[in-house]
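Okay, here we've got a single chain as structure tokens, the form predicted alone, with questions on binding and movement later.
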């Protein structure tokens, strides 16, 4: 009796697993099919792309890596400029968000609720609603004239405007992310530090900051991806061809008369590569930060 029950149970578990794996395989194929189609297209010649469906691997006569080299040659300046933009803007918004969240979570002072409400409201301001006032603001500031004494910086005034804009725009979401994380830190530990005479700045430097590595990884990945993929602010603020970021360069791969889909797909993978590298480097800390582990 017991042997029959065990056999039925084992058989049931096997069928469940087979069904589960089948569902997972179908879902994986469904979600990865656009990626696979893009990758196959990027390795096809123009003739092979026209003569086959996108998800079919290229035939030996239609296989080529030329689109990848051409995409890299046309995007490398944009990739470099995007790194100049994304790295400082990401770091600045994360640092300022951390400081603001510490002041709003672990330091008691009046008016905190009103300031938190402002930060939350700042998250929901869409890019499109600030394009006109943002353009007018930077025209009034005249950053290129201010930096005229330093030609190297004056040439990059568009990128500097973009760095400041993205930093300001990213501070609200970074502050809220850091605040939710700092709320989980044991208040007795901070109180003990205060009783030992530690100042607010020393507590942040010696206790809060070392515990913030996972949430820094979360904000860095989030902000880097947002800034790297931005097209709208770059389209409005960048006027010099030498300051073009990768999203603008990628947009220019679109031909006016003939669509080179293999080139566009290769360019899309080249443009996405840095964000994948960031995820790989900070993936473990990202998982800890999302889980709220301190």
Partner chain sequence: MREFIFRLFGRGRRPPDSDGDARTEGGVGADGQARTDGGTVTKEQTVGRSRVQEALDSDLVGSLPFWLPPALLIGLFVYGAIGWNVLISLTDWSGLGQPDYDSLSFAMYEEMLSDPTFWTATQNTFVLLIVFTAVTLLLGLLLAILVDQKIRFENTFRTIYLLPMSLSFVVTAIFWSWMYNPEIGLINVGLRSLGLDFLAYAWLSDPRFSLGAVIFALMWQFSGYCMVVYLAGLRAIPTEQYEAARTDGASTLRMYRRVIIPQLRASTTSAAVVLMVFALKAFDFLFVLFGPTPGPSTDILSVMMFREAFRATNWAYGSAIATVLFVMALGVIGPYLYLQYSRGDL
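Numbering follows the first chain given and starts at 1. Bear in mind that the values here come from a model prediction, so they are computed numbers and not experimental data.
There is also a form predicted in complex with its partner chain; it is not shown, and the following applies to it.
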Checklist line | Selected contact from 190, 84, 134, 211, since only one has a non-hydrogen atom within 4.5 angstroms of its partner chain in the predicted bound form | finding: 134
Check: Looking at 97-105, 212-220, 151-159, 76-84, which one sits within 4.5 Å of its partner chain in the predicted bound form if you count heavy atoms only?
Finding: 97-105
Margin query: Just checking whether residue 14 would be counted as a contact of its partner chain in the predicted bound form - the rule being heavy atoms within 4.5 angstroms.
Written below: no
Checklist line | Contact label in the predicted bound form: residue 183 to its partner chain, heavy atom within 4.5 Å | finding: no
Check: Would residue 125 count as touching its partner chain in the predicted bound form under a 4.5 Å heavy atom rule?
Finding: yes
Notebook entry, point to check: Do residue 239 and its partner chain share at least one heavy atom pair within 4.5 Å in the predicted bound form?
Noted result: no
Margin query: Given a 4.5 Å distance limit between heavy atoms, list every residue of 220-238 close to its partner chain in the predicted bound form, or none if there are none.
Written below: 225, 229, 230, 231, 232, 235, 236
